[in-house]
Every structure is written in C-alpha cells, then in structure tokens.
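Just one chain is shown here, as structure tokens, and it is the form predicted on its own.
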Amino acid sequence: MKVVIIGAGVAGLGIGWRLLQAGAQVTILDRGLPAQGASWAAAGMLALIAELQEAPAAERELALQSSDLWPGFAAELEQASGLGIGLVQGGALLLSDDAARLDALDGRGQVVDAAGAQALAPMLAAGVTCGLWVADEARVDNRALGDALTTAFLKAGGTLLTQEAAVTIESHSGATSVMTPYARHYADAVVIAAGAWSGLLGDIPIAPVKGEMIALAPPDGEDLPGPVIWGNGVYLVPRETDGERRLLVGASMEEKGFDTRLSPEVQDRLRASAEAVIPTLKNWTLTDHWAGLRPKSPDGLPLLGVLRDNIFVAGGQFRNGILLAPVIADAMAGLVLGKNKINPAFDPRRFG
C-alpha cells in the first residue's frame, strides 16, 4: 500500500512511522522543514488536567488513552531513533484561590495548602493560597520529539520531501494523487496532517490560532522549578537540554490568520504574569520569544477520520498535539489500513 502524508509534524511523522512498521510505503510532504510548525512551537506538556478541565468526555477519553501510551511510545521511539526525547514525569502544580474548585477538577490530583504548594515549588510568591498537585503529569522535549520521529521515520524506510507544499489533491478513475509545484505523487491513500494549513487543501474546517511564548534563563546558582506550574493565566515549564536550562512561559491565544509576527506587548504580558507567580524571575534573562499556529476546529475537537473516499484527515488537535501524538499515530495508521474505526465525535464530516 502506498500512502502520501501531507505534513511532517508529530502527527504526520507518527502516523507515517506506524504505517511503515505495518509494511506500507510512505512519502511525507511538508511545506517547510520537519516538525518546525506547531510541534516546534509547543511547550511539550502532557497536560491531562489543566488543558482538559472542560473538555467533552470523548476528548478526555482520547487524552487518557494517549497518556497511557506515552511511556511505551517514548521508549520505542528512543530505541528506534537513537535519540532521547526528554520524557519527565515531574508533576504539575495548578495554583488557585479556590480550593473547592481545585478539588472538583479531577480525582487524580491532591489539593495542597499554601505550605504544601511552597514545599513543591519554594520559589512561589508568598500570596499563594492553595494548589492542585498532580504527581503523575509528565512533559517531553517537543523539539527533541520532532527530531526523533523524523529519524525513526527515515530509518524505517520512509521518504521525506521537505519544502514541497501540497497544492491540490486529485482523484480520477479511482486514482488519487497529490500535486506539488514539483511533481505529482500517486497514492492508494492520502492523509492530511498539515496542522493549521490543512484547511487550504479542501473543505476542512481547521483555522490557525496564534500562540506566543517566551523563554527565561536562570542566573548561575539558581534552580529551575521541579514541576510544571500553572497560575495567573500562564504556564511555566522547566526545560533542560544539553546543559541549557530554560523556563518556558506561555502562552497567548489570538485568531489572526497566519500572522506569526511577534508582539512586544505579549512578551511583556507573559513575563509580568510569570513574575507574579515567581517573583525572582525578574532577575532571569529573556533568551527567546517565538510564535506558532495551533490548528483548531469549530468545536475544538480533533478531526480524525475519512474525509472522502481514500482521503483521511488527522488535525484540529489545538493545544494537545503533543499529548495526543501516540494515540493519533496508532488510530490513524489503523484506519488507513482498514483495521480501525474512529470515534464519531472526531469525524471530519460532522460539520456537514
């Protein structure tokens, strides 16, 4: 079976890797470089509680399935690629002034008082009153994840064509092909996993949502916080890569089309919000500021399934693309091979 996947983010690469393992012939096309879109711009949190507090039951169930898959997926990927992806089960601390609200969020967490929160993250501001401690929440280095998936895909025999944007998908007399500025690629099945750009390839209701983040570096002798911290409208994610220590602070959310220009006002707001949570961040150095485009559907749920005939869609993950990577890889590969069915809640055709 010959499959063309449009999009080399973590979704497209993961699906392609699983299809190769099942014996398919896979080509991935990307308008840029692999894993350099939303996959690169993310913070790498596998956030079951904070990101999915008000999510529908179907999405929560999908996220729980993917969370359970992550340890085995990470180990297999590191073995296949020879690269580490920085999976850390460091926990998450959600700060709030409302203990009852925190207690109602999820049975997996433990409400802690001010002293308990300070014990988990001693650098917190003195005004913290309570928090929800979720010990088993994890995070991954999303940029290392993209590199590892790219390597595993290529090692498994996949073809990756970068800076080759898909322009149209054509079907004639049972034959399907993807046209690019350089070639026509024939396939038995096509998977559209182009993130925020998926809507440019047909009647796919996915729109870009811009998010900006900053990174702060600690002074010598000062430690990163241990857990991910959520509070004051931002999240703080510790990241250490090859000896480089950074605290990622995110994220804004704006519907501005495909505009990825950086805003000094957003940078200042993110930093001020973070400093209200951890006052000593005033002494940390701003080392980076970037933006990415998250793919969002009209109802906020992923689009996973058949668009028409032998054309499939894997998109609309919005803020949870990294968390959902393992389950989407397995589910979509199985669907393309005729082995799986996708939950109707995620059917790309649900909008008519």
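On a predicted model such as this, the values are computed, not experimentally measured, just so you know. Residue positions are given as counts along the sequence shown, with the first one as 1.
Below, we refer to the form predicted together with a small molecule, which is not included among the displayed structures.
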Is there a non-hydrogen atom of Ala207 within 4.5 angstroms of a non-hydrogen atom of the small molecule in the predicted complex? no
Is there any non-hydrogen atom of Phe73 lying within 4.5 Å of the small molecule in the predicted complex? no
Using heavy atoms and a 4.5 Å limit, would one call Ala11 a contact residue for the small molecule in the predicted complex? yes
Although the partner isn't part of this model, could you tell me whether Gly300 comes within 4.5 Å of the small molecule in the predicted complex, counting any heavy atom of the residue? no
Just one of 79-87, 271-279, 191-199, 110-118 has heavy atoms within 4.5 Å of the small molecule in the predicted complex; which? 191-199
Only hit among Ile322, Val26, Leu62, Leu304 for heavy atom within 4.5 Å of the small molecule in the predicted complex is Ile322
Candidate from Leu160, Ala251, Val128, Ala215 lying within 4.5 Å of the small molecule in the predicted complex - any heavy atom: Ala251
